[in-house]
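Encoded as structure tokens, the following chain is the form predicted alone, with no partner shown.
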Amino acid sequence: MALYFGDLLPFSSLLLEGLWTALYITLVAMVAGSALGVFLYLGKVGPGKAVSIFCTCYIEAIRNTPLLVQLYLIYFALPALGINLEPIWAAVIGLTLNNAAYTAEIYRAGFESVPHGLREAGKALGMKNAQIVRYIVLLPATRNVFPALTNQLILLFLASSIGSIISLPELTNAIMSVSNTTYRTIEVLAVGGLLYLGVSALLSLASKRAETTLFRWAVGARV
């Protein structure tokens, strides 16, 4: 069978709209999930035993169950409780809650990677705990977690494709719709794969550029 991509041109706007939807839910879930991940990390390592147990159980439960099951529970189980969500909000909530558990562990690894001797040096200089975190721990810890957060962002973008299961009109849903209409399965899957690959590469490149610029500025500002 000869490959022909011309049949896909009338559906280019549909594919781009699906790509925008995928990017939108990815960015929202990344920002919200990262913020929630901070609180989960602080709760896990904090002095409150009950809060620590809750945060630990939440993180382990999310990280050891499939995202698809979590999304099904949000979209199909919540209506039984009288909570009905649109597909886009179900996807955003599902990705946010899932992302929060992973980013909490990324933060934990990043802050624990800072040598304990640096904290002791800060205490020896008479610094308070807040000053130690701000001036000694925060910059190296953030530098350590930045690549992992970039990987998490890309994985989250790729995971947004699971929203097609609940009829969210994102990129994968658009790809399958075009395939069913044109019967150009190989062509549309190739184009969709290239879109995912291209956006992932751009996110990685932008992250590396941002990492270099931000940390160069941060070091200069502290000096």
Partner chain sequence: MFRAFDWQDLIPLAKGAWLTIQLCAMSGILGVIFGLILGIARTSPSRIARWISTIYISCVRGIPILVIIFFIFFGIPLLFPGLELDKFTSAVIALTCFAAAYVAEIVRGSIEAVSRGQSEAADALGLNYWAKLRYVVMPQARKIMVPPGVGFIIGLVKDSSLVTVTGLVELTHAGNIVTNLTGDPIMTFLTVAAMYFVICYSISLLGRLYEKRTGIQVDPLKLPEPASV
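Numbering follows the first chain given and starts at 1. All values derive from a computational prediction rather than experimental measurement.
FYI, the form predicted in complex with the partner chain isn't displayed, but the following is about it.
Asks: Contact check in the model of the complex: Leu14, Ser34 and Thr96 versus the partner chain, with a cutoff of 4.5 Å between any heavy atoms. Do all three pass?
Replies: Heavy-atom distance to the partner chain in the model of the complex: none of the three under 4.5 Å.
Asks: So which of Met176, Ile53, Val45, Leu27 gets a non-hydrogen atom within 4.5 Å of the partner chain in the model of the complex?
Replies: Of the listed residues, the single hit is Met176.
Asks: Ile88 versus the partner chain, in the model of the complex: is there a non-hydrogen atom within 4.5 Å?
Replies: No, Ile88 stays farther than 4.5 Å from the partner chain in the model of the complex.
Asks: Quick one: does Ala77 come within 4.5 Å of the partner chain in the model of the complex, counting heavy atoms only?
Replies: Yes, Ala77 sits close enough to the partner chain in the model of the complex that at least one of its heavy atoms falls within 4.5 Å.
Asks: Quick check on Leu81: any heavy atom within 4.5 Å of the partner chain in the model of the complex?
Replies: Yes.
Asks: Looking at the partner-bound form in the model of the complex, is Asn64 within 4.5 Å of the partner chain by any heavy atom?
Replies: Looking in the model of the complex, residue contacts with the partner chain include Asn64, since a heavy atom lies within 4.5 Å.
Asks: Which residues in 29-48 have a heavy atom within 4.5 Å of the partner chain in the model of the complex?
Replies: Not one residue comes within 4.5 Å of the partner.
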